[in-house]
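The chain below stands alone and is given in structure tokens; this is the form predicted on its own.
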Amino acid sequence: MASRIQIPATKYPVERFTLANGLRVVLSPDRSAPVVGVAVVYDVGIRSEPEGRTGFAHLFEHLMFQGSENLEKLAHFRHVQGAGGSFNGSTHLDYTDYFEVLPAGALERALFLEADRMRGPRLTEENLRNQVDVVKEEIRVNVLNRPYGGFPWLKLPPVMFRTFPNAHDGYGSFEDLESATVADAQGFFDRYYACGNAVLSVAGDFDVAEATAMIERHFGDVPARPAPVLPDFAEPDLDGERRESYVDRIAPLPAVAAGYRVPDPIGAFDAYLPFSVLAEVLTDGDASRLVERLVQRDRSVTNVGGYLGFMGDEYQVRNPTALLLQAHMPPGGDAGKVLSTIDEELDRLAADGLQPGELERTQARMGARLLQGTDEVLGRALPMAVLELQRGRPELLNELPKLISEVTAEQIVAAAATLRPERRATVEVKPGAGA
């Protein structure tokens, strides 16, 4: 039976245009609060790194904050924070983003700053060596010296995938990072940080005509360079279960994560969307199937979660990606038993279908989170930029709550039936703390 819940689409305005140099622009005005969000997204991420240069996309993100054509080191920080704003950047599998949130009156300041580093960051030997050390320290803090560091986003891909773009460590090896040169950095910038390979997005309190004039003024004379050809990241499907384990020397308890291949999130979006809802049916809230079974009834795990995309970016990722289930277990926990119980619950869902109200409850929670996420200007500027970059459809952000509400119980059951052990990759964490 079809779902009866109705979640309306949001109605944030979307205006799109392209500058003569190839830069795509998305504007979403909203005069309800005197704040603006500015995002610039480049179509390069972890998967585009060449062999021998693991971690380079993230390293280059750091270099983009070390001064630019007309700005000395730390000037970006000073100009944004001096206006009462905040800023950051992040590296993902398929893109790298840079963003600011500022009072509406400081919009032109943010546009100048982003345009200046789009012309060229200060790629010096001093900046490179300094940022290599910063990234190495980040790896020590976030992965090497943190319990469950890199689990599962760094640990599961090499089990699930066989090709370098999909399987390698996106943080990078110390050896690769230390061997990076300024020439490497300049080549990376020249190839990937072109106007034609980027999207600028502005959301919040601004006049469209004034913002358009500012964008033309600051970005219009950035030299045009064509976008590189998008690499092919195609990966054969799993032909049997793949399972590995490793000892985490500082993890106190065992853990396990499983990944299942799912349809192409862009080329087969209608088939992909039910898996997004299925992950929530399985793990969202105390009434969800795996929480009720594994945590509350069997007590074989202390927590369980499910989501799409290794970095949790379900609507902002290209193929191949996966539905992930991960759980932490009590002392002496049995990963094999947990996985077989997951199989039982998936089989039960595929055979018996959903309980009354189960889908509607899940859709309502998902819709509420989507609506809440777009309340903030950055919750519009960033995803709209990525949706334009990957799909040419920034307005999909408006449509997602309604599309989620239209997923049917039959689609959920059909999706669950594809999550078979023979199409699964798993990685188990064996605790080393106190061993």
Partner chain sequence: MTTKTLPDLVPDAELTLPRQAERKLPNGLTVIAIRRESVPLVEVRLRIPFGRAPLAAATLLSQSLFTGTATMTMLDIAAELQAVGGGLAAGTDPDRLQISGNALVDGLPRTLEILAGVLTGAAYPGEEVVTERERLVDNIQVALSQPAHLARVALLKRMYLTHPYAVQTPAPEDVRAVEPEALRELHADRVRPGGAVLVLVGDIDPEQAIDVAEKTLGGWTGEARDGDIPPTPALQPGPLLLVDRPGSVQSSLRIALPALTRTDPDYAALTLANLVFGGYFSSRWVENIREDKGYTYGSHSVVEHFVAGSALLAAADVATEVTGPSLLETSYELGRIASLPPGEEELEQARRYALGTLRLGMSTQAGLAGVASVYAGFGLRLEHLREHSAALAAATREQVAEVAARHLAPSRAVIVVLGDAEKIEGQLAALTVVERSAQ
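In this text, all values refer to a predicted model and were calculated from it rather than measured experimentally. Residue numbers count along the first chain shown, from 1.
One more form of this protein exists, namely the form predicted in complex with the partner chain; it is left out here, but the text below deals with it.
Using a 4.5 angstroms limit between non-hydrogen atoms, L74 touches the partner chain in the predicted bound form. Among heavy atoms of R162, none comes within 4.5 Å of the partner chain in the predicted bound form.
Among residues of the shown chain, L102 is one whose heavy atoms approach the partner chain to within 4.5 Å in the predicted bound form. The partner chain is not drawn, but in the predicted bound form it has a heavy atom within 4.5 Å of L371. Only one of 265 to 273, 123 to 131, 152 to 160, 223 to 231 places residue heavy atoms within 4.5 angstroms of the partner chain in the predicted bound form, namely 123 to 131.
Note on the partner interface in the predicted bound form: the residue among D284, D97, D176, D313 having a heavy atom within 4.5 angstroms of the partner chain is D284. This chain is displayed alone, yet in the predicted bound form one of G336, G240, P236, P330 has a heavy atom within 4.5 Å of the partner chain; that residue is P330. Contacts between stretch 58 to 90 and the partner chain, counted in the predicted bound form as any heavy atom lying within 4.5 Å, involve H62, Q66, E69, N70, K73, L74, F77, R78, H79, Q81, G82, A83, G84, G85, S86, F87, listed in sequence order.
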